[in-house]
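Consider the single chain below, provided in structure tokens and representing the form predicted alone.
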């Protein structure tokens, strides 16, 4: 047994309804290192980590923690072994304080039904000092920036004595400055003896923060490398199993015809506060207009208003001169695919038909044309490389990335003049991301107007003709992608700069 290894997973095999998600996977992670786990959508990364965290049970294989073979039958067992996981969607209660969120669910802080908050605060403050994390424990979590909430999730694990931390797409909603701040914290944790496993599709981050990398493809390990011995091209080639072409995203030239016109728009949130505050912008045909911003600054409410999913207080939204209503078709890739994009108990075909059931291609006046629908599913699953591609299987059996590809496939194949794409490539691998970007560019070139809302600044810089920044519900900058950079956009996103 190698006691220098924090984690060793040998011959891990896991299948779901005949689909082999993990096929004899070996993973070794040294104590005190940051180890990146990368691969295509559906490669088996999340399945492997859910097995390590006790959310899934392997069909075969051995897991050892610090040299001891273990059976991890549940997340509580994983936590008892010092393994913690920070999920992409934070598990925090906005109305509770930082202190309350950290101790929530930890039975060790209870005595006779009461929480010893003074003792808990003392211990948490010690953790914060050790790792140079500055957070006010009495602040309501919902009032804090997303980057700080990310750190609270990490502190929750440290409070529960985790020394092996799994982070799933940890920078998906962070600004460049917040991401670098997180990397600093991760390096300090590793220097202090913590072991970190990082699941990410952002290869630049892999090179910036990790010590070593394991690459998965179609359920198998295709490479294990020291980070200093590779680069983005090398990793990309291992991920796709060949030479990865560098796709240049040509800038489209906006036409004269205005497709979307938003004037003096004000929109309320679900909590009846002002989420979008008197903003005006327009998008012409053949244009890709980007909106950057930290989540929670009005992006969701803006997208829902433009797609006629939410009423607005003041102003107007016009598509080709007509006031927006539910009869005007708009392609919409939602920020939350589970809430607005798919039905988990539906099949692939049923999900591809959502909102399109009445189209002549798929139905007559009395019934659905199942043959046409299944042929359409086959066409899109092949075009977008959605796996597994069984038209009759439930979408719940697909990885998050493949679910996202299905939503993108359905929406971008609609006959409409406007596409609203919210985080269109979140959770997608490099190959799928490039395909989505090219498709959006092609749709714009064909005369459509495209609104892209994203926190991925590289995506916006590479794809858009203009980039606006939404902060506290207002557009505080409109920038030329050719004359700006990630740091400047990030400063506007955090409210540090104003035009």
Partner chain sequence: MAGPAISVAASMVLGGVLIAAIGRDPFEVYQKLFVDTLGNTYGIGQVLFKATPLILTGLSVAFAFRAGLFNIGAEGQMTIGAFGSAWVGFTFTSLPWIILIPLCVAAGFAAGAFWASIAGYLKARFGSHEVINTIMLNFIALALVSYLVNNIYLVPATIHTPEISPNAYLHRFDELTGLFKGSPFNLSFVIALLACCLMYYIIEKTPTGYRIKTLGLNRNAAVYAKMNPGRLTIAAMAIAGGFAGLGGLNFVNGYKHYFEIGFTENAGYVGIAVALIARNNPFAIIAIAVFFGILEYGGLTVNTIVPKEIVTILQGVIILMIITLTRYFDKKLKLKTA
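Positions refer to the first chain, counted from 1. Treat the numbers as computed from the prediction; the structure is a model and nothing was measured.
The same protein also exists as the form predicted together with the partner chain; that form is not shown, yet it is the one meant from here on.
Contact annotation: of the candidates 86, 92, 279, 328, the single residue with a non-hydrogen atom within 4.5 angstroms of the partner chain in the predicted bound form is 328. When the partner chain is considered in the predicted bound form, only one residue from 224, 119, 368, 232 comes within 4.5 Å through any heavy atom, namely 368.
Judged by heavy atoms within 4.5 Å of the partner chain in the predicted bound form, the contact stretch among the candidates 201 to 209, 271 to 279, 356 to 364, 130 to 138 is 356 to 364. Put simply, residue 345 is close to the partner chain in the predicted bound form: some heavy atom of it is within 4.5 Å. For residue 156, no non-hydrogen atom is located within 4.5 Å of the partner chain in the predicted bound form, even though that partner is not displayed. Using a 4.5 angstroms limit between non-hydrogen atoms, residue 309 touches the partner chain in the predicted bound form. The partner chain is not shown here, and in the predicted bound form it never comes within 4.5 Å of any heavy atom of residue 147. The partner is not shown here, but in the predicted bound form the stretch 333 to 347 reaches within 4.5 angstroms of the partner chain through a heavy atom at 334, 338, 339, 340, 341, 342, 343, 345, 346.
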